[in-house]
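So this first bit is one chain, no partners, the form predicted alone, shown in structure tokens.
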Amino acid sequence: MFSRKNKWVKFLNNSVWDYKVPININNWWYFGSLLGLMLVCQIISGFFLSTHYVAHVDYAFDSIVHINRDVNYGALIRGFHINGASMFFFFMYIHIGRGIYYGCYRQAGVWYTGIVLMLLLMATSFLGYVLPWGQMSYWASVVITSLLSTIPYIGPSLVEWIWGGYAVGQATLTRFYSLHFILPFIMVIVVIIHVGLLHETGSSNPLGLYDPSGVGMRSFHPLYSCNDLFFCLVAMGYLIKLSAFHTWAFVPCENWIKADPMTTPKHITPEWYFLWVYTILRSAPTKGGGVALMVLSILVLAILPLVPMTHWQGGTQFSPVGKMLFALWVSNWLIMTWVGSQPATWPFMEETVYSTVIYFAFFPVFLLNLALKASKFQLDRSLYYKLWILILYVSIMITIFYNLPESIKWTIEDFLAN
């Protein structure tokens, strides 16, 4: 039954035990396994929470209180689910940063499925944030879903269809609960495709060298499997500690108040892992411009796999300029996360504009640096320059938009709304 001649055992053996991995990968490569662990933990903890949760506007908040107070280990399981989401995003951002730094985006199929997973995770997290039906949950759902009204022609009708009426209510909560339950299983399917494409092309490595001969490769088991297990145990230990001793560290105070459509919180903020996107949204002078920038902030990652391929597939690890650019980009991202948590007043509103411009300016400068490096490999740099001109054009349009007179800005927003 467990003979290697069995096709399933053979497939598992070739995909895990004997899967060839570059011998020089470092600790940054283990965050992919940690993301898989977090997905499994979220599905399991979410299942247990769903057995006690009531998706009704009159009872949703009370059911959360019931889970925290009356269900055995209910508060621990809910804290495990909430803190697990934060660790999920933390590991994902590190995983994406590693991909940019080491040039892993050159594996186009793997990179694009990773972007899809990122979008699915963001959608799942937002839907779950609404379910407790506290003050912050309710008003976050109102604000975020209202952004869809900026879509030309179909926007207002789309918002009413998502709400199930003319305001966020029972139909909205039921739909969000159903989607929050089903999206993680869609993520599992995309993860399988993601890992399958990775095994087809082979893992990248810190040197950025592609070795088709397999000389610099070794089996995944036992070295890398044991390392994965070690990092997973460390992550689980920290998650349990966080859930047991700092259970509500990432829950805003306003979310302990039952949703009241007649009372608006003084300062509406999303979860910490969405604050950088919230900063980009607030940086634009109009709602339509903010939504456009918010979408571009994710889609801009999709241009990175378009760079030409060489036998050397590295990123910025051997480029001093590239390292400085990446360090600046990461520092700016951290600033955006902090600014997004601050009130929409001076000087924070000015900081949102500066940090947003730096965020988007990174990509044309980054590609220009790659173009200059491409000359060392006798490559045609025209594709780099085309990409650079395209992103520069978009950046110039964004800058012009920021400096347009207010009357023209509102005219553009009215056009988008209609």
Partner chain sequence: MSALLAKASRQGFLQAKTSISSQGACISTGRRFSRKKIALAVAGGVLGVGSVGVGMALLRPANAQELILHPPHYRWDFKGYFAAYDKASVRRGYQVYKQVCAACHTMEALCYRHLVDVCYSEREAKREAEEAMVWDGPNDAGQMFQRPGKLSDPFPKPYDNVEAAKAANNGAYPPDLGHVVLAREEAESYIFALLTGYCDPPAGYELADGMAYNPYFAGGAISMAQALYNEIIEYEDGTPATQSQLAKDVVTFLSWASDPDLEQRKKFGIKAGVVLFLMTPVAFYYKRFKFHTLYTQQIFWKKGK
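Residue numbers count along the first chain shown, from 1. Only a predicted model underlies this, so the values are computations on that prediction, with no experimental measurement involved.
Just so you know, the form predicted together with its partner chain exists too; it's not on screen, but the next bit is about it.
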Is there any non-hydrogen atom of Phe31 lying within 4.5 Å of its partner chain in the model of the complex?
-> no
Indicate whether its partner chain has at least one heavy atom within 4.5 Å of a heavy atom of Tyr105 in the model of the complex.
-> no
Phe126: heavy atom within 4.5 Å of its partner chain in the model of the complex?
-> no
So in the model of the complex, does Lys323 come within 4.5 Å of its partner chain, heavy atom to heavy atom?
-> yes
Select from the listed residues Leu233, Ile189, Leu334, Ile154 the one whose heavy atoms reach within 4.5 Å of its partner chain in the model of the complex.
-> Leu233
Contact assignment for its partner chain in the model of the complex, among Ile240, Ile115, Val143, Leu296, heavy atom within 4.5 Å = Ile240
Want to guess which of 84 to 92, 264 to 272, 164 to 172, 286 to 294 is within 4.5 Å of its partner chain in the model of the complex, heavy atoms only?
-> 264 to 272
Can we say Lys20, Gly36 and Val353 each have a non-hydrogen atom within 4.5 Å of its partner chain in the model of the complex?
-> no
